[in-house]
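One chain comes next, on its own, written as structure tokens: the form predicted on its own.
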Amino acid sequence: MSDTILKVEKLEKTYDNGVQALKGVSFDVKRGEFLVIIGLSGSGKSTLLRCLNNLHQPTGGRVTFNGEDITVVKGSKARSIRSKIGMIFQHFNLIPRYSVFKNALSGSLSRAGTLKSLMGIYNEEDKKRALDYLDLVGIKEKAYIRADQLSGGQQQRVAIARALTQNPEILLADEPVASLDPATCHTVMDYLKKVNRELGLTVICNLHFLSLVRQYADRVIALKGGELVYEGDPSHIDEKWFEEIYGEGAKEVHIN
């Protein structure tokens, strides 16, 4: 099996309003890597993640997942591939009235089917997997309370468990700590790193704060105006590179 799980080649995305969000972005992702994407708001980070799992259709270039071009697949094949690429969002996207357990179980939707899921019919293996992943992210004791009774950090941990229940090979995280207070950021990032290390899961994560990037990333890429302007070790982003990525006069904010 190749060490490269994902290959992005000259990826472009232009929206219907004419905005060119991605301009020929190319990079590889190694299996088991924790890759972080940085850049200003509007640099193309979120668009890039959505192109990686086919939520957005690129207008040029291609994305190859496990050797297969996933930018051209449609229908059930596209859904099958998407099930192998889990995603965590900034605002959690849980169903507030559902229990923590039921939210985590919804990650198995692609296996259970829509009708069975709507009826609450899941097999025992999926139920065990959901509880195991809730345990992995330290939230199992809250399994049977409503999701809207949890703090933001706890809800994001449920979202991680839900994505893991999907049984993905890659986990995409779009600004997973942007809605959280600084004290909670590290807790969520620690669990993402735990998932990466203990499960060997490839993680691709959008982040704003370089202090978090330096602590958690194996490698970092930076986007600016839809173009890739940096790729390498996060520790090599010095003051000069920071200004190149974020603009002259920008100040780094640290999350301790």
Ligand SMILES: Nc1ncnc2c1ncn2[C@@H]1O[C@H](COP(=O)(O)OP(=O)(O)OP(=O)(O)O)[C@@H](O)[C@H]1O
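Each residue number is its position in the shown sequence, starting from 1. These figures come from a predicted structure and were not determined experimentally.
If you look for the form predicted in complex with the ligand, you will not find it shown, but the lines that follow are about it.
Contact annotation: Gly42 falls within 4.5 Å of the ligand in the model of the complex, judged by heavy atom distances. Shown alone here, Asn196 lies farther than 4.5 Å from the ligand in the model of the complex, counting heavy atoms only. Contact check for Glu175: a heavy atom falls within 4.5 Å of the ligand in the model of the complex. When contacts are judged by a 4.5 Å heavy atom cut-off, Thr47 counts as touching the ligand in the model of the complex.
Of the stretches 34 to 42, 61 to 69, 188 to 196, 209 to 217, only 34 to 42 has residues with a heavy atom within 4.5 Å of the ligand in the model of the complex. Contact residues in stretch 155 to 172 (any heavy atom within 4.5 Å of the ligand, taken in the model of the complex) are absent; none meets the cut-off.
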